[in-house]
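Let's start with one chain on its own, the form predicted alone, as structure tokens.
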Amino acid sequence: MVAGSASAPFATRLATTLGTTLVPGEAKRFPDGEGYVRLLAPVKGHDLIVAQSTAPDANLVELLLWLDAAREAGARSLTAAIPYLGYARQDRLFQPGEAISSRAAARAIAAACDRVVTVDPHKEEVLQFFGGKARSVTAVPQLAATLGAWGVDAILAPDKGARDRAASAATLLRVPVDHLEKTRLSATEVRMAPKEMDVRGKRVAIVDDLIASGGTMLTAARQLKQQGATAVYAAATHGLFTGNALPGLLAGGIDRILVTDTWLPGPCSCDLVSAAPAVAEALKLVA
């Protein structure tokens, strides 16, 4: 297994779970910003896994370079294990003249490897762009296990579209599930509340695939507490935490934040579980 620079801790956990070894390698940037990778051990005749998230752009290019290096070195087969799949939010045209970014990225990756495993993509539909080579796994069971240990009484999705993922966690925990609905009260005021659930006296977890700016979760947490929730937790597979999101969430009303190790752009002062067991199980099935 090769650990890309964006996913080294994840790759280490994945290698341990699979009982395989990490191939030493070198990754660096030239002064002009171009990337360089080099395998420092032979891989000829081996089935090789390259673990690398593909955001931002430099990490996508690095994955392509690792795959090319491994192919050139004679690897028998190549699997791209992509903990966080970048560009998965642009799966169709929103305005004329745009690129379908997820398709462009997927085609490049698929051309360089034999199979792809990724974790909780923002939209499952993007898998079609890999030409039959990709499958996804979910880290919801790992998240649910920790939420259960926290004594969560109810699960909420941030909107109707995210309800299926939240429902999966709720089923594992055997607790009720609902989704949040927005009601505009004025030009500047929005009310967020569960569609049907009464949250009074409950420890609630909002479950989503990713946390970026966290604005929706923060607004929801404040209002859920006004509605009587005793605690509000935020849980997601991917902790992007753009800008100053993480400290803002913790200071603004979220009691605890839970994410996996698929994508951590910096030090994380939140709770962490690993998605490596979910990926390992998928890789065992295709081995």
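Keep in mind the model is a prediction, meaning the values are calculated, not measured. Residue numbers here begin at 1 and follow the sequence given.
The same protein also has a form predicted together with a small molecule, omitted here; what follows describes it.
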query	finding
Heavy atom within 4.5 Å of the small molecule in the predicted complex - the one residue of 101, 77, 213, 138 that qualifies	213
Listed residue (107, 191, 89, 71) with a non-hydrogen atom within 4.5 angstroms of the small molecule in the predicted complex	89
Stretch from 169-177, 110-118, 147-155, 203-211 whose residues place a heavy atom within 4.5 Å of the small molecule in the predicted complex	203-211
Proximity of residue 163 to the small molecule in the predicted complex, heavy atoms at 4.5 Å	no
